[in-house]
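Shown here is one chain on its own, the form predicted alone, set out as structure tokens.
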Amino acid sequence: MNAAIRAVTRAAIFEGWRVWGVYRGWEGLIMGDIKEFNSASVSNTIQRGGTILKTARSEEFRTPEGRAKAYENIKKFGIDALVVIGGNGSLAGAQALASEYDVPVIGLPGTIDNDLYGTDSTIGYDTALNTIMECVDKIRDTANSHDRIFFVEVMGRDAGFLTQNSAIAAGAEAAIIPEDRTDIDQLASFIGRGIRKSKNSSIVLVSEKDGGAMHYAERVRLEYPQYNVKVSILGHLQRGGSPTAFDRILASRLGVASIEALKEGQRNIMVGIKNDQIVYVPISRAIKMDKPIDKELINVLSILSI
């Protein structure tokens, strides 16, 4: 997100506009935690993980009264438009504010889950994907040395993009994702392929949905007590670290494009990327429509895991 904040700030200044940074998201907009940014405000940030503006959940912003307070601060600081960087919740808040008040809002897709409709990739997804891959590579050493079956739990909420693609990248034997429900027979097939391939060792990546890795590990313990089953929950490890080159470039392009969109008079849209081209997607579609996973990815992993 820092690369996006940097790009929005500098692209706006390039146009001769003033820029205000809102700290702690919608909560900060309600509380007036707002500071004017200049080019130096975002120096030496592109390589940093997290967000220099920080973030916070805001129950108050979910109410009309809370959004009214936020709008009062928008007027107080002379803010003409908002660029909102975040996932489904952040953009849903942007849509709610824009529907009630005459404020142009541009959304940038910032979530490791990659679950926003209308963009091929979201800011942070590639960095998280690479982090997971590196972790699984290390877990593989232990799995092979000790003939263990590892269930590795990956974030992603209701979407399996991280789980499926990190499984392919790390050479895992299987991925269990919300989009491809797995029953006991399929699980047995996954484990069987892993055992034939590398003694008793196998790595299965599991989405955090529906009980996650612990649930499936317990099923294996009950069905196949002869196997040594271990669980690794990567947790918030996936959300940190220095961003990849891909994410830095993506965030920079989308940040500049958000200012171009405002220049064009666009409002209530998310700036995304499709086939390496900048696209504008209505925020309502970005947050409400399901983003389908490419079923070919499931087929690729199945073929390569024999």
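In this text, all values refer to a predicted model and were calculated from it rather than measured experimentally. Note that residue numbering follows the sequence shown and begins at 1.
The form predicted together with a small molecule exists for this protein as well; it is not shown, and the discussion that follows is about that form.
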{"item": "One residue of 57, 274, 263, 54 in contact with the small molecule, assessed in the model of the complex (non-hydrogen atom, 4.5 angstroms)", "value": "57"}
{"item": "Of 170, 84, 155, 174, the one that lies within 4.5 Å of the small molecule in the model of the complex (heavy atoms)", "value": "155"}
{"item": "Segment that reaches the small molecule in the model of the complex - one of 225-233, 74-82, 106-114, 144-152, heavy atoms within 4.5 Å", "value": "106-114"}
{"item": "Contact flag, residue 208 vs the small molecule in the model of the complex, heavy atom cut 4.5 Å", "value": "yes"}
{"item": "4.5 angstroms heavy atom contact with the small molecule in the model of the complex for residue 62", "value": "no"}
{"item": "Contact flag, residue 239 vs the small molecule in the model of the complex, heavy atom cut 4.5 Å", "value": "yes"}
